[in-house]
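One chain comes next, on its own, written out as structure tokens in the form predicted on its own.
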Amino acid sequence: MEYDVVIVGAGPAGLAAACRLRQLSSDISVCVVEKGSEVGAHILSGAVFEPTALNELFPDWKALGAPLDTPVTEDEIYVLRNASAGIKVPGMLVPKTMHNEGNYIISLGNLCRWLAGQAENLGVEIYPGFAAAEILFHEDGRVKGIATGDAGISASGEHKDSYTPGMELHAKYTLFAEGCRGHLGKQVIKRFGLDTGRGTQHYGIGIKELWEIDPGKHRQGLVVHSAGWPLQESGALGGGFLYHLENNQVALGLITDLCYANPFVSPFEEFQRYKQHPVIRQFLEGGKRLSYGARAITKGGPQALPKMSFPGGLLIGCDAGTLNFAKIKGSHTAMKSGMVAAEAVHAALATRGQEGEEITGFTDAFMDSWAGRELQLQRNFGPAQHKFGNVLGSAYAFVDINLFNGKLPWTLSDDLADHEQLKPAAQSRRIDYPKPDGVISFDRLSSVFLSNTNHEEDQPCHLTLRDPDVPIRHNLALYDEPAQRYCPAGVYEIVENSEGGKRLQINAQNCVHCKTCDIKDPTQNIVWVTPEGAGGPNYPNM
């Protein structure tokens, strides 16, 4: 099938690009493919949403019924000193990027469903349940489009009765908007050397739950952020959040930076501990857990942002790394990157004879937008956290952002990749995590159940190993196989084999598509590839 523009991923960046393209011209044919079973099925974010980009894209979004129902009314930030004590930080000492006046607490999945409706009203074709599995190229090396994955292939590679071949989607321009650590975006970066001369990209893993709590404890519009315990005990970095939505619901989670060094750290277990802190537990007691999910975030800042253009396409949103880590927000910057991309593509398509040529000015155009300037202002926040820790790093950020408005004449860097930071198990402190109580804290499998994750069992495993022997020969011996701990879904297990030895068992059916294994595996031996379309989690309102 032929289109003017094909967009991979129906997240905020991809949908904003699709909407803006059709706003600019009803003659441009636009197709969006989405691997989730429906738009929003794979969308997970905190989420406190800054409406700047939405105000530009749909100034009348309130009249159109956008699901922004809970404006932020209160901001609280805590430094959790230990398992029982915490200090509330005065607002005057908080970096201004952490203030949320004018923002909304939302379900990003529901916002994407609404954006998809607006896109379809504008004439965009959206195909959920179709995973973009392969990049297609012209003979001269330009991107030609994508091919969706075949369905109905058995684990042994044979065609089943349900076999359906994939479809080729050709386009003058292909926009990759897959989110953090995109399967195809990663290939585009490598093929075209888009990260040449750029800083090292960094990531975090965000684990989130949605709860219905006692109405007497609910404070609609309250935003709580925290740093310190429990991650500080293992030397890990990151922080927690708890947001009071409408309908007596709260969204809470913990973001663990994937630069941690101790291979015994389990981000999932750290999150279970986090919920037991009195600052958080007070809201959860007497409540009911409704949903669970996990997703990696890209947090390297503008110094790690790759070149975003290449012959035949553009890289947008978190596929490139446009999240503002100082704000812990990426939806507004992702949307803006999609809107700038749409304007650049529209101009290119209007120039006869240049369709498909590289839009070389796109990266500069994005960085010259308010979103790019915002990222530049906060560029030192993440590296400062890595160099000085959460508390001192935040103090540095206060001086840098509040007092100097991000204009200090230097840019901090952190050149050691997350997967290179693990220390050997023999040099690390083993962590004995408490057993879940089934009331506030839970195990992985019951959590994955709440994510509605499902994959067709008899299909090729989408968690591939470059060398099947590495987990046992190297990772288990040196790091006690950290995959069994960093995975938030219980995908990786070390089990006894029939000869009395050990092997790595991959429970791919549990995978929630967070991409942590692809990022943190110390040998970069695990490669996440897309499974059949419609597989994975089915988040109703995350």
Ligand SMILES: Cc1cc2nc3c(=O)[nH]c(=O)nc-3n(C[C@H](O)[C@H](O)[C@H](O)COP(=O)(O)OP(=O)(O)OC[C@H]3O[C@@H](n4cnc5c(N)ncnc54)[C@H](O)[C@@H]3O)c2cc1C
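Quick caveat, the model's predicted, so the values are computed rather than measured. Throughout, we count residues from 1 along the sequence that is shown.
Beyond what is shown, the protein has a form predicted together with the ligand; the following relates to that form.
Residue-level contacts in the predicted bound form: of F130, Y78, F381, Y260, one residue has a heavy atom within 4.5 Å of the ligand, and it is F130. Contact annotation: of the candidates E269, D418, E374, E178, the single residue with a non-hydrogen atom within 4.5 angstroms of the ligand in the predicted bound form is E178. Residues placing heavy atoms within 4.5 Å of the ligand in the predicted bound form fall in a single listed stretch, namely 31 to 39, out of 52 to 60, 31 to 39, 66 to 74, 473 to 481. Under a 4.5 angstroms non-hydrogen atom cutoff, the ligand in the predicted bound form has C318 among its neighbouring residues.
The ligand is not drawn, but in the predicted bound form it has a heavy atom within 4.5 Å of A13. The shortest heavy atom separation between A341 and the ligand in the predicted bound form exceeds 4.5 Å. Heavy atoms of V6 never reach within 4.5 Å of the ligand in the predicted bound form, leaving it off the interface. Applying a 4.5 Å heavy atom cutoff to the ligand in the predicted bound form picks out L108 as the lone residue from 101 to 129.
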